[in-house]
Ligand SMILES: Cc1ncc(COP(=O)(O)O)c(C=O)c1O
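Before any questions on how it binds or moves, here is one chain, the form predicted alone, in structure tokens.
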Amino acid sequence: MQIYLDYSATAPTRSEAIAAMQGVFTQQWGNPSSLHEWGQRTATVMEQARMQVASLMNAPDPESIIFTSGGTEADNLAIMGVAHLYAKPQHIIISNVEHSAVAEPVRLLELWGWQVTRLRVDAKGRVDPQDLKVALQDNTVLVSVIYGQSEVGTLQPIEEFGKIARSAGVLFHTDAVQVAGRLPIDVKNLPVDLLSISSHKIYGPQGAGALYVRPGVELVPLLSGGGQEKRLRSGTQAVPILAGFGIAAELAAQELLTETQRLMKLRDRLFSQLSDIPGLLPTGDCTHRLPHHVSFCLEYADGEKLSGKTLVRQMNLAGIGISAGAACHSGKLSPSPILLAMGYPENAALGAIRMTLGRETTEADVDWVAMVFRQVLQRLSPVKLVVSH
């Protein structure tokens, strides 16, 4: 038996998206910028995908959707696209639990002389909106706070942040890669100026993403060339990939309400079945949480014999795919910076794991994973565990 519980990393491309891609590869392969029939057939496919993605986030104008190669490029276009509007360094605000696709370009801006405020989070990974109010300065030009944290599952009060930023005349961006297709997103009413999503997190193909750009917001493109994507992302679009992205977005929107409820029940079931294991600490906010996300850390992890990476390997041997929060650099295991920012000690941060559920996850899968995980911990743990729930 094999069970995949790493849907926050990537999701399998659904068959409907693959079929759409195959049709474009074989029948609508023209350059969408060409004016002849071959090009215009392909352009029609691409604009259909743009409307489907726009509909997923209730964007009134499909032209507000800028296609990218993925969530990382979308985040970089948002951050650097705003920064390059200014001849001199300004001030930017992010949280200290951002995905590296935001944290790294901001770090680069800091090296270039930009002022950066990193908002602290509480033990559940949430930012206090009052801290954002305090952090705003006269030269603040952008606030970027992640919507749903990929490692610990915490959801941020994005609407409040957006209102605060808008009242101060500051642009607001959110990385919604983990939220899209799992919770409703309504940019028509949500006070966001820029919002990033990714295709392969919603069962579309890898290699595609999108940045919502509120009409009237200006950005400087990262790529120069033919001026595609409203001159914000030059290069011939990967239309087959975008066709699959569009189908995945349309189906995600149709299934959203029922699938979200189903995933929440499975999530809570898995949390419950592992809740009595000594030293296994749930991470993130149990109330404001991604519907598919389960995460823990081991307070007795040592980074050598027992770490999140060890547990991933042992579960993999049992045919179960999960992920670890700690990163390995040059052979040395580093504690999860997200958990460190949340106040966890270094040893516990070395023992971070994540189990994320998806369309193919069943109750039987959850029950089996819980049983196997207990057995793995029983074998590796220095403390006595209860094997059956």
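This structure is a prediction, so every number in the text was calculated from the model and none was measured. Note that residue numbering follows the sequence shown and begins at 1.
One more form of this protein exists, namely the form predicted in complex with the named molecule; it is left out here, but the text below deals with it.
- Q178 is the sole member of S95, Q156, S307, Q178 with a non-hydrogen atom lying within 4.5 angstroms of the named molecule in the predicted bound form.
- Exactly one listed residue, out of I146, A249, A301, I79, brings a non-hydrogen atom to within 4.5 Å of the named molecule in the predicted bound form: I146.
- Contact with the named molecule in the predicted bound form, defined as any heavy atom within 4.5 Å, is confined among 292-300, 233-241, 260-268, 197-205 to 197-205.
- Using a 4.5 Å cutoff between non-hydrogen atoms, L132 does not count as a contact of the named molecule in the predicted bound form.
- Though the partner is left out of this view, G71 does reach within 4.5 Å of the named molecule in the predicted bound form, counting heavy atoms only.
- The named molecule in the predicted bound form is not approached by I185, whose heavy atoms all lie more than 4.5 angstroms from it.
- Taking the partner from elsewhere, R118 is found to have every heavy atom lying beyond 4.5 Å of the named molecule in the predicted bound form.
- Shown without its partner, the chain has S8 as the single residue in segment 5-25 with a non-hydrogen atom within 4.5 angstroms of the named molecule in the predicted bound form.
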